[in-house]
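Given next, in structure tokens, is a single chain: the form predicted alone.
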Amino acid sequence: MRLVLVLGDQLSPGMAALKAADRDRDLVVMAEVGTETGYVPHHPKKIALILAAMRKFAGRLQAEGWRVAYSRLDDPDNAGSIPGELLRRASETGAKEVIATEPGEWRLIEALGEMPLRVTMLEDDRFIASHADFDAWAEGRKALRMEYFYREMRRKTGLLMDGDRPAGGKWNYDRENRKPARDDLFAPKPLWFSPDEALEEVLGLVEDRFGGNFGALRPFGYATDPGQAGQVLDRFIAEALPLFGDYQDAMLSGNRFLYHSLISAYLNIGLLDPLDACRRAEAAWKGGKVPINAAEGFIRQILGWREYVRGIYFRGGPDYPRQNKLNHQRKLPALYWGAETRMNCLAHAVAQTRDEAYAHHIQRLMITGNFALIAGIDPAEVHEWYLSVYVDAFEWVEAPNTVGMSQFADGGVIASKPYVSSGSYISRMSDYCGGCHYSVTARTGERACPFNLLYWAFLDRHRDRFGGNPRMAQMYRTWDRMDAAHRGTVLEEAGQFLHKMGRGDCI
């Protein structure tokens, strides 16, 4: 008999470890353990989603004839860690071997590798690009840009292809997907689910154990099984995908979800299949139900970006999340954990994160991420925050998005330039600036938007690194054309703002 490990983000019946196991002979091991619920202060909604989905999946396996040893978090005999639970089950059964699907975080891979049992670790084949596929694409390239990897994935899968050419004549419709939203837009409401008795039991456990964590547990409406997740995808394709492309970068204070799918967590824990989701979006385009820019934008996020960042994470190795190429050392300000701030955009993004365990990619990149970068926050603290507060955050996907794309801490492995902006971008893509204490049009002075001050101070501080970057040449030309006295005032006021932030003042 062998032990078959199934982790909380591996809730797919076709997992590699299950495919390699013998249903009549082997024992599936699933465990809710303190090391996984507590290695960062996870949002209560994230913990509840995973525990509830795990319990449902264990029940499904048992109904299909698998023997499952399931440990609940409040089991007094719970060893508290995945290796500890495997050793406990090995002691009970005499098993000497473990079959596991490769975890999505280096810390767990290393922990399994150090066990005294024989562990056979199989690659997670739910992804469209294997490690070998990504490494073969990356080998010998000076720059690992997602766009070119994405084209290879399109060719490999045939998605949105017309023979050897991209459907519609273009690989990428991103330029058509940057419309600011109006507050009178009709946007469908997300599909939420009422908790059943089993989920209520989980919610009670999470309230008791993790009630002090940042984030609101209730109301809780996330899908916790493949059937519910499939309904969410169905509704998105039918009602939101047609306008998803146009408004995927937009932000509105009165609408937290707009036309986004809210399926990333379901993809990441195994309730939905990524290739199937892409094919269904393609079918909607082929059926004339959605425009090509919408289908392509959605497919690019999954087939392109999701697969790409996984490749970067594993190619980068265990030290990738700890990089800090810009040597940023400031502490993460308390506003990220809900402390008062006068910056309306950050207040909205953090409040939404607290309530929903969700924010879409532009809110993460150009609000919370942009501010952290231009303020010089230690990327390790930013990384831990993102990993803690979002329901879809697992290190294989979160670290490249944060350390690489958002904070440029990998020195440009992912991004060819830092994703920084002044307040004008936020004003253009949202309605946040209208109700703000600060003025987005003020360049200096007491009411000057902090994004304006910190943006120019960031460029000035890192001129040796970015001054020769052709994609940033226009920014530096604009800075150089400013009056020297004005530049001095900008830098002085940026420094004063950062000093107040460091003191813990309300900013």
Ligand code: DLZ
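Numbers for residues come from their place in the sequence shown, where the first is 1. No experiment lies behind these values; they were computed from the predicted model shown.
Here the subject shifts to the form predicted in complex with the ligand, a form of this protein not shown in this document.
- Contact between residue 105 and the ligand in the model of the complex is found at the 4.5 Å heavy atom cutoff.
- In the model of the complex, the ligand lies farther than 4.5 Å from every heavy atom of residue 27.
- Using a 4.5 Å cutoff between non-hydrogen atoms, residue 68 does not count as a contact of the ligand in the model of the complex.
- Put simply, residue 475 is far from the ligand in the model of the complex: not one heavy atom of it is within 4.5 Å.
- Residue in contact with the ligand in the model of the complex (any heavy atom within 4.5 Å), chosen from 220, 336, 394, 149: 394.
- Checking 477 to 485, 37 to 45, 460 to 468, 55 to 63 against the ligand in the model of the complex, the stretch whose residues place heavy atoms within 4.5 Å of it is 37 to 45.
- Of the residues in 66 to 83, only 82 comes within 4.5 Å of the ligand in the model of the complex through at least one heavy atom.
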